[in-house]
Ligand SMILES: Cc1ncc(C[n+]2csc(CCOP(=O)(O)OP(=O)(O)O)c2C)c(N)n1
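Given next, in structure tokens, is a single chain: the form predicted alone.
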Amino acid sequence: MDLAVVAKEIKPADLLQMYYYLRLTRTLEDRVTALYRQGRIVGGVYTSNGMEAIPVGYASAIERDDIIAPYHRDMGAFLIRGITPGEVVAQYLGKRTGPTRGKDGNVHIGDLKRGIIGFVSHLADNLPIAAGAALAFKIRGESRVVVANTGDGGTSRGDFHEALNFAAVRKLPVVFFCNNNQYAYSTPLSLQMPIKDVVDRAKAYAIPGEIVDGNDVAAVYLAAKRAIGRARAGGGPTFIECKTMRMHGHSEHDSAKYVPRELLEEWKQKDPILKAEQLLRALGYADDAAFHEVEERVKREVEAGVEFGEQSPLPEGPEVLEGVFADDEEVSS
């Protein structure tokens, strides 16, 4: 990333804040992974290890009243939108204090009050929902934008294409991100599609497409800013392909033996946290002492979150019937 561009376009405090969220995301997900290996997690664990710059970058670029339709590699976006480490741990432990109040033990997290559309497992089901929310914003004349994310495999599904086509025709205020981590579970990109770049799929819908280094948080942030600004101004959707690499398996129960070791070694040198530190050093914004301070801070916050989650109560049996249907009061409000 061009240092002059970063210095001009991103405030030092904002870049430092993004670095903090990169570290918080990595530390929290590593801690959750450890709990999983101890047999204490309900369900599976899906991390963004090696890809944290994408959710941190795009979630840092939106405004308060905008909303996101994330997927399971978007922990950084959850955190930026206000989900706490304690709530994340409680969610994984199936506790009442998690966002789903113990009804799920995974990252199926959503809270419209915090601008998060609930994530479901089937990719890319969240993209048509994002387009629908963007249509509502346009009809109501609201200056709001939706940002949605999916993986490279998700772009091969029909709902991805339906969402892009509808958003393009209606010029909706939505930005579609593709987290291209090169594998749809164990299927490499070369066996998913005959094109080299996923972004080429935007051409079919006559919408702008951009490729960005998905391990460079500043690059993701600036690309998101451009696309969000365009959407807010009435210019319609943008499709952004973030090239990155999944450094763990599809989930923590997957050893990812199908990924060549030399490919993982290559991408280790492009770690988003390492790249952020190199950028901050080059700009003179931070040094070893500052990085250590952030490291210690996020460790304390994550451990406090683990304690919160472990001490939180499990839901009672009758609570399974709560929140299933909207009651009259909820409908009238």
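All residue numbers refer to positions in the sequence shown, first residue = 1. Every value quoted in this text rests on a predicted model; they were computed, and no experiment measured them.
Quick note: we don't show the form predicted together with this ligand, though the next part is all about it.
Using a 4.5 angstroms limit between non-hydrogen atoms, residue 95 is distant from this ligand in the model of the complex. Contact check for residue 71: a heavy atom falls within 4.5 Å of this ligand in the model of the complex. This ligand is not shown here, and in the model of the complex it never comes within 4.5 Å of any heavy atom of residue 241. Proximity of residue 185 to this ligand in the model of the complex falls within the 4.5 Å heavy atom cutoff. Contact with this ligand in the model of the complex, judged by any heavy atom within 4.5 Å, is made by just one of 123, 223, 172, 109: 123. Just one of 103, 248, 157, 201 comes within 4.5 Å of this ligand in the model of the complex, counting any heavy atom, and that one is 157.
Heavy atoms within 4.5 Å of this ligand in the model of the complex are found in one stretch of 206 to 214, 149 to 157, 226 to 234, 84 to 92, which is 149 to 157.
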